[in-house]
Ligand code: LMR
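As structure tokens, one chain now follows by itself in the form predicted alone.
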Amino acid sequence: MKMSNLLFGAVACALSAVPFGALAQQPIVIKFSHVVAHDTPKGLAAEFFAKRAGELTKGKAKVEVYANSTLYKDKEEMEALQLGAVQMLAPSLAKFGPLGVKEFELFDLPYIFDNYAELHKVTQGAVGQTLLKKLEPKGVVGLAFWDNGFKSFSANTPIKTPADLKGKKMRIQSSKVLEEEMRALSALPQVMAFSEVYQALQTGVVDGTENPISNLYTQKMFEVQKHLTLTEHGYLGYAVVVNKKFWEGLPADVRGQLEKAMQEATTYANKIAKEQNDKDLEAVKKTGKTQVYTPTPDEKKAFKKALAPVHAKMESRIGKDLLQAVYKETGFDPNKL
């Protein structure tokens, strides 16, 4: 989307904010844009938040949810938020590296979390709050972390060992960590917007990808990927963020009610994330179009060993102290992979 369109949206947004004091009966409109389907964990949580925001503010705030990149694509949405053309997003955590807050790429490190309990020690603890605070100089307020799930590899050929990905063109988000991850597997990283992945897989522009099962299923990637291996090698989650100027300009009572709605939505989002991925995995199996493979303990260990060097290579980018803080919370030791 061209800059002029973003600026036009920002101006329109600014004009719509005028009624805060003058026309109190008019609801404050919050445009919440995201790039995945409405029936994914993030999509469902966004709808939950919209409903609770309306209830708790008694109609003073109206959250409009725009799913599936209907407003902005991956590369456009953060700029749109900073300009004020949209008020709220829930980008994947990899999106904050290009924004200049590369510390968020720690979440892209392979096998850094073994389960949700370890993950939540970070996202719901001091480390998570420190990371969200780093967004404010960019004109963005971080409200919460939402889970999606753990990623697995898919392709049109079987994936049982790291060598099976050698030379494969693998779609990734824009993340230096994910680029290094693919290179560690001798694969070819291909940065691409999420909305373009299905067609790229269908036409052979890329050979495979990595996704939580809910994304693979709701985007119908199972139609164009013959093999899925449950490596669960990485985590994909989101940070719900809001335009700082807009957020701080809200009436204090409305902001407090929205914070409560967000707390409830976060509990809901993290509850349904695993449930939705488990449900969608069964749905993928039932299609019969994608063969789902569960690696043996030795096969999974081989993936962990192949990907262990990514931690050391990315330490200077993410920050040694931050990584050590995460390792302390989770008990993770990259030297034991």
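Quantities reported herein were computed from a predicted structural model and do not represent experimental measurements. Heads up: residue numbers just count along the shown sequence, starting at 1.
Although it is not shown, the form predicted together with the named molecule is what the next lines describe.
K.L.:
Given that the named molecule is not shown alongside this chain, does residue 231 nevertheless sit within 4.5 Å of it in the model of the complex, heavy atom to heavy atom?
P.N.:
Heavy-atom contact with the named molecule at 4.5 Å: absent for residue 231.
K.L.:
Answer yes if any heavy atom of residue 211 is within 4.5 Å of a heavy atom of the named molecule in the model of the complex; otherwise answer no.
P.N.:
The answer is yes: residue 211 has a heavy atom within 4.5 Å of the named molecule.
K.L.:
Report yes if any heavy atom of residue 236 sits within 4.5 Å of a heavy atom of the named molecule in the model of the complex; otherwise report no.
P.N.:
Within the cut-off, so yes.
K.L.:
In the model of the complex, does residue 105 come within 4.5 Å of the named molecule, counting heavy atoms only?
P.N.:
No, no contact at 4.5 Å.
K.L.:
So which of 248 to 256, 159 to 167, 91 to 99, 110 to 118 is the stretch with heavy atoms within 4.5 Å of the named molecule in the model of the complex?
P.N.:
Heavy atoms within 4.5 Å of the named molecule in the model of the complex occur in 91 to 99.
K.L.:
Should the three residues 36, 74 and 215 be counted as contacting the named molecule in the model of the complex, with contact defined as a heavy atom within 4.5 Å for each?
P.N.:
Yes.
K.L.:
Given that the named molecule is left out here, which of 225, 173, 266, 243 has a heavy atom within 4.5 Å of it in the model of the complex?
P.N.:
After the contact test, the surviving option is 173.
K.L.:
Even though the chain is shown alone, can you say which residues of 41 to 73 have a heavy atom within 4.5 Å of the named molecule in the model of the complex?
P.N.:
Just 42.
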